[in-house]
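Listed next as structure tokens is one chain, alone, in the form predicted alone.
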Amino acid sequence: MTNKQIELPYMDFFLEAFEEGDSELIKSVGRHAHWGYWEAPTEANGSGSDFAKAAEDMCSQVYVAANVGDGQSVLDVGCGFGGAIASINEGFTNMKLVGLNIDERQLERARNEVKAAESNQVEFVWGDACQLPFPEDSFDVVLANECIFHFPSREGFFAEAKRVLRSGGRLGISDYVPTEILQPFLKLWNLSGLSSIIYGKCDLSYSLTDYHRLARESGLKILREYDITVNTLPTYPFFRQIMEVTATKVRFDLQAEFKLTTDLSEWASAQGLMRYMIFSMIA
């Protein structure tokens, strides 16, 4: 295996804090390093345990949308620390569960933290989302939870997801989807290189129209699409709190950029310009 150079400053921040033994950060994002979902957003209390539950609920929103059930073969692309695999492993039986990531550091944590339940198989493998190392018709479900914007190409990933899914298999993804008004500004943001300061190289410029085109061109049919932006909004103040507390210990240099990016993202989401959406598709 030849690992690629991964530039994910926010992930560097998390992993360095874990190494420092930051128990609060481990409790809140040690399993799921993505946005949270609150059924009742006004009841979010800003605690690490509250966020951890919300992140777990976000994970389940995606795999429920993909119709995960007992006895399936499931691939989680961009699996992070293995949170989705862990959740499915704990809730379902007779499963073949594979997590894939291009960052070996995240895979190492996933392998250490997630152990297969008695009737399940769990494996974490290194790989590129646009060159999946699996044969055709390998999986009943493919998941990509809040990571597709890091992939080299959404078109490439969709083609690969369709290839490895069995006929009738499901693709479940979550992503930030801009309105047509915001889209051109995000394309300029991508060209500027500013998107890489905190979150690494990201392309957040794919609109709902683009997603419809991607599904059509790759041979997938969208079964369901829904906007859960309002349910994710408590994530922003929580992440600001993380940075204020933890950045004094590690990566203090990222604090100003992290706050700016978080503030801009929160504003765009609150104004309805940037939507957080879940898609369920069938092969």
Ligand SMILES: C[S@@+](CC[C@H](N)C(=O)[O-])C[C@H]1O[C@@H](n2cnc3c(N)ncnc32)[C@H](O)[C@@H]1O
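For every residue, the number given is its place in the sequence shown, counted from 1. Bear in mind the structure is a predicted one, so any value in this text is a computation, not a measurement.
What comes next is about the form predicted in complex with the named molecule, which does not appear here.
Out of 114, 164, 186, 129, which one falls within 4.5 Å of the named molecule in the predicted bound form, going by heavy atoms?
Checking each option against the named molecule in the predicted bound form, the one that comes within 4.5 Å is 129.
Only one of 102, 177, 141, 95 gets a heavy atom within 4.5 Å of the named molecule in the predicted bound form. Which one?
Comparing distances to the named molecule in the predicted bound form, the residue within 4.5 Å is 102.
Where, among 76-84, 208-216, 114-122, 178-186, do residues come within 4.5 Å of the named molecule in the predicted bound form by heavy atom distance?
Correct option: 76-84.
Classify residue 151 as contacting or not contacting the named molecule in the predicted bound form by the rule of any non-hydrogen atom within 4.5 angstroms, answering yes or no.
Yes, residue 151 is a contact residue.
If we define contact as a non-hydrogen atom of the residue within 4.5 angstroms of the partner, is residue 8 a contact of the named molecule in the predicted bound form?
Yes, residue 8 is a contact residue.
Verify the contact flag for residue 106: yes if a non-hydrogen atom of it lies within 4.5 Å of a non-hydrogen atom of the named molecule in the predicted bound form, no if not.
Heavy-atom contact with the named molecule at 4.5 Å: present for residue 106.
Should residue 110 be counted as a contact of the named molecule in the predicted bound form, where contact means heavy atoms within 4.5 Å?
No, residue 110 stays farther than 4.5 Å from the named molecule in the predicted bound form.
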